[in-house]
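Here you get one chain, nothing else, as structure tokens; it is the form predicted alone.
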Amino acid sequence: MIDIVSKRYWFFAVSLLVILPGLYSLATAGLKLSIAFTSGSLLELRVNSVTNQTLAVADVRRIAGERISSDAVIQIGGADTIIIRSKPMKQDDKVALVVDLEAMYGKTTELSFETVGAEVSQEVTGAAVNAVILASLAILAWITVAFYRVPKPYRYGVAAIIAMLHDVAVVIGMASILGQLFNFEIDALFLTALLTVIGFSVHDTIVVFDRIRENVVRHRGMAYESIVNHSIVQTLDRSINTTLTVLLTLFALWLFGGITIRNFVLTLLLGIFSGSYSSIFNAAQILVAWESGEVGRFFRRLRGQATA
């Protein structure tokens, strides 16, 4: 049988190697927020009659700089779509921008235009934070109640929350790094993806925990570490197959789903991969470390160092 649990500190180390660079980027550079969290305008245009001039980010940025703002963010989707994000855009400036783009590329059609003010942005940010906190508390309470038949059921809830926070840290940290390298923006869809990742992470963790609960009764007298390892191995095929199926579907969607949902799909890809890893290699191992007293010894050493 594969011995996964005895190598738990290697798996914890891998998690730290992934999380720490993201947290450092988050602390030093933060996240690149879209207009949903700051304020500004989003204009999406489609070029219907392309001239001999090929769509180019540099050309669109130059025109946007003259008509709107020099720090406008330009994206080209496919061969005929232009997406412009900028500070709040006046109607006259938008019309002048479209006229200039038509002069260069031919007739254009406005697909969407939205402007968000600072007040709305604050409401969205507050709602997002409240949603994540409420989801965490609800998950913790539900797992504790659902596992009330096993000894110390609250440990299962705490371990699931730690695994979930691991996945949130991976996603947000990677979003910060991608924001600095590839202009990856945090928008409302990112929050939707993050909540989806939280749900997937907890679901995958519960599959392993549920098997542990069954095996604790079925194999009375066996060492807890052996029961946990046996349970992980029993659910390993299902976890890997389920995750690969989802990841392959998302990868196809990322390739062909269009530029407007690409960040959303990428967030799901990162989060679901992380969720599967934490469910198999972190969550159940936390239970073993806690049961064997390693968690207590770790915190006692921390207190000893602090008082030394």
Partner chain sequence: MNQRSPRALIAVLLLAAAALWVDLDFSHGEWYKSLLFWRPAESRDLKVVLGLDLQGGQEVLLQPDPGPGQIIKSDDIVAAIVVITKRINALGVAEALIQKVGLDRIAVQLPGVKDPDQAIKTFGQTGLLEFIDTGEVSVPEGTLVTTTGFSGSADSGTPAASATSAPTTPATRAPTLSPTGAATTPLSGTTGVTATASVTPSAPLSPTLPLTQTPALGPYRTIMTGIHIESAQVGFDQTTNEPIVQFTLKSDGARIFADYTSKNVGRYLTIVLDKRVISSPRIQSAILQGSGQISGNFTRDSAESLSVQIRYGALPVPLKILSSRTVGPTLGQDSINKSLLAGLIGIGAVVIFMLLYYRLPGLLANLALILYGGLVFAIFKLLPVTLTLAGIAGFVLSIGMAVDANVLIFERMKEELRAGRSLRSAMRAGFERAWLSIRDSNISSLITCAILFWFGSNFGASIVAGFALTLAIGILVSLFTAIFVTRTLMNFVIDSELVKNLWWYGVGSSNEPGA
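Positions refer to the first chain, counted from 1. Just so you know, these numbers come straight off a predicted model, no measurement behind them. Under this definition, the rigid core comprises the largest set of C-alpha atoms superposing within 1.5 Å between the forms.
Beyond what is shown, the protein has a form predicted in complex with the partner chain; the following relates to that form.
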query: Proximity to the partner chain in the model of the complex, single hit among Thr144, Gln75, Gln180, Thr196 (heavy atom within 4.5 Å); finding: Thr196
query: Partner-contacting position among Val170, Ile82, Val228, Ile206 - heavy atom within 4.5 Å of the partner chain in the model of the complex; finding: Ile206
query: Segment that reaches the partner chain in the model of the complex - one of 219 to 227, 171 to 179, 151 to 159, 89 to 97, heavy atoms within 4.5 Å; finding: 89 to 97
query: Phe200 within 4.5 Å of the partner chain in the model of the complex, heavy atoms; finding: yes
query: Partner proximity in the model of the complex: Glu214 to the partner chain, non-hydrogen atom cutoff 4.5 Å; finding: yes
query: Contact test in the model of the complex: Ala103 vs the partner chain, heavy atoms, 4.5 Å; finding: no
query: Contact label in the model of the complex: Gly257 to the partner chain, heavy atom within 4.5 Å; finding: yes
query: Within 217 to 254, the residues that have a heavy atom no more than 4.5 Å from the partner chain in the model of the complex; finding: Arg218, Gln234, Asp237, Arg238, Asn241, Thr242, Leu244, Thr245, Val246, Leu248, Thr249, Leu250, Ala252, Leu253
query: Exceeds or equals 2 Å, Cα of Asn229 between the shown form and the other one, core fit; finding: no
query: C-alpha of Lys107 off by 2 Å or more between the shown form and the other one on rigid core; finding: yes
query: Threshold 2 Å Cα movement between the shown form and the other one for Leu270, core superposed; finding: no
